[in-house]
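Take a look at this one chain, the form predicted on its own, written out in C-alpha cells.
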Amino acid sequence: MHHASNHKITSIEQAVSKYVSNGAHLSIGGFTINRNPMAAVHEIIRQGIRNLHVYAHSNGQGLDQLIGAGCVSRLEIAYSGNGRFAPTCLCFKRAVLERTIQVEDYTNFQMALRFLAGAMGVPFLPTYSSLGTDIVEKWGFPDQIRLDEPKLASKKLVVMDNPFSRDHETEKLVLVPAIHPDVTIIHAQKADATGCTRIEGLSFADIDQAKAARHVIVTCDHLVSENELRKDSGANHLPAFCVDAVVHIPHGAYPTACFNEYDYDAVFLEQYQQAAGNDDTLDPFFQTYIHSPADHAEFVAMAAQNRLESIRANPVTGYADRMKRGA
C-alpha cells in the first residue's frame, strides 16, 4: 500500500520557510525548560524572520531566544521562565522593561482556555480567573493595534454578569478570546510520516495550541511507522489531519528536556543565562551556537560536548537520575 500523498516529512529549513513568514502569528509548544521546539526556533532565527506575534502559555528557552534574536514584536503570554536558571527569562524581561516588544498579559489558566477556545472553534470561553486582579485592568496593546490588525481580538477580555444568575445574585465572569495562530510548532517524542503525533509525559498546552492553528509543524525525536502508532492509538495526541509538516530531528528539544529521551542540559543553560544578560555577549553566543553549526546535530554535539550520556533519560523514570540539579 502506498500513501505517498500522505507523507509530510520535510526538512526544518523547508518547514519554517513555508509556514513561518515575517509578521506571522506563531505559537510554540513546551513549558519553561521542557520540550521547547528548539531546532525550529534556531531555524527561525537563522532565516532572520521578524515581527512575529507570538502566543505562549509558559514558555522558556525557545521564546527567550526568539526575543533575544529580535524576531518578536508582540507577545501574548502567561509566563516566561527557565526555572532556577532564570526565574524570569532574561531577554524577555529586558524587552518588556525597555518596551522593545508589546506584551499582553494573561493568567496561566486563561492562556490554556484561549488555546482551548481556538481548538474548539468557539470565539471565547468564560472563567473566574483574574477577577480582582490587575490582569483585568491593565491592557498591553493600544486600541489602534486591535483596530488595524484583523487577527487580534477586539478586546483583551470582557467582564460580564453571569447570564444564568438568578435575579437576586450578581456574579461576574471573565470572557477570554480564542487564539488562532497561523502556525504552531511543537516537539514530540514520536510522529509518523502522515503527521500522527505522540507526546509522552505531560502535554502542557501543546495539543490545543496545535488544534487551534491554521498550520502545524511537528519536530520529533523518532520518526516511526504508522503501524507503531496504531498499536496503542489511544496514546496518540494529534491525528494526521492536524499536522502539515513532520521533521525528524533527534534531540530537537535540546537544551530543554524531552521526557523519556533526555533531560535539560544544566551546564549549557547556565552558559546561556550568562550570555543572555546583554546584547554584547548574546550576539556572539548566537553566532557560535545558532549561525555557525551546519545543522541541529552539529549544534548539539558542540553545545553538549560530552554530556549527552549524563542527560540521557533513565527508561524507568523518564528523566536523567545521574544529573546534578542543585544550584
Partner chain sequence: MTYTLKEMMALAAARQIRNQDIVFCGTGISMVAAMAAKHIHAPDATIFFETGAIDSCLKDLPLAVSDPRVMHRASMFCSLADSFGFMQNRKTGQNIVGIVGAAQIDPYGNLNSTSIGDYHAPTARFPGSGGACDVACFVNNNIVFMKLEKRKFVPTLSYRTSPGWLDGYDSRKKAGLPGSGPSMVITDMGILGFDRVTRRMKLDYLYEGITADAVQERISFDIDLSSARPFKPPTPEELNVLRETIDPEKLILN
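Residue numbers count along the first chain shown, from 1. Nothing here was measured: the structure is a model prediction, and the numbers come from that model.
Separately, the form predicted in complex with its partner chain exists; it is not shown, and the next lines address it.
**Q** With the partner absent here, would 106, 129 and 205 each sit within 4.5 Å of its partner chain in the predicted bound form, counting heavy atoms only?
**A** Answer is yes for this spot.
**Q** Would you check, heavy atoms only and a 4.5 Å threshold, whether residue 236 touches its partner chain in the predicted bound form?
**A** Yes - in the predicted bound form, heavy atoms of residue 236 and its partner chain come within 4.5 Å of each other.
**Q** Is there a heavy atom of residue 74 lying 4.5 Å or less from a heavy atom of its partner chain in the predicted bound form?
**A** No - in the predicted bound form, heavy atoms of residue 74 and its partner chain never come within 4.5 Å of each other.
**Q** Wondering, does residue 254 line up within 4.5 Å of its partner chain in the predicted bound form on heavy atoms?
**A** Outside the cut-off, so no.
**Q** Would residue 249 count as a contact of its partner chain in the predicted bound form, using a 4.5 angstroms cut-off between non-hydrogen atoms?
**A** No, residue 249 sits far enough from its partner chain in the predicted bound form that none of its heavy atoms falls within 4.5 Å.
**Q** Where, within 80 to 101, is there a heavy atom within 4.5 Å of its partner chain in the predicted bound form? Residue list please.
**A** Counting only heavy atoms within 4.5 Å of its partner chain in the predicted bound form, the contacting residues of 80 to 101 are 80, 81, 83, 84, 85, 87, 88, 92, 93, 96, 97, 99.
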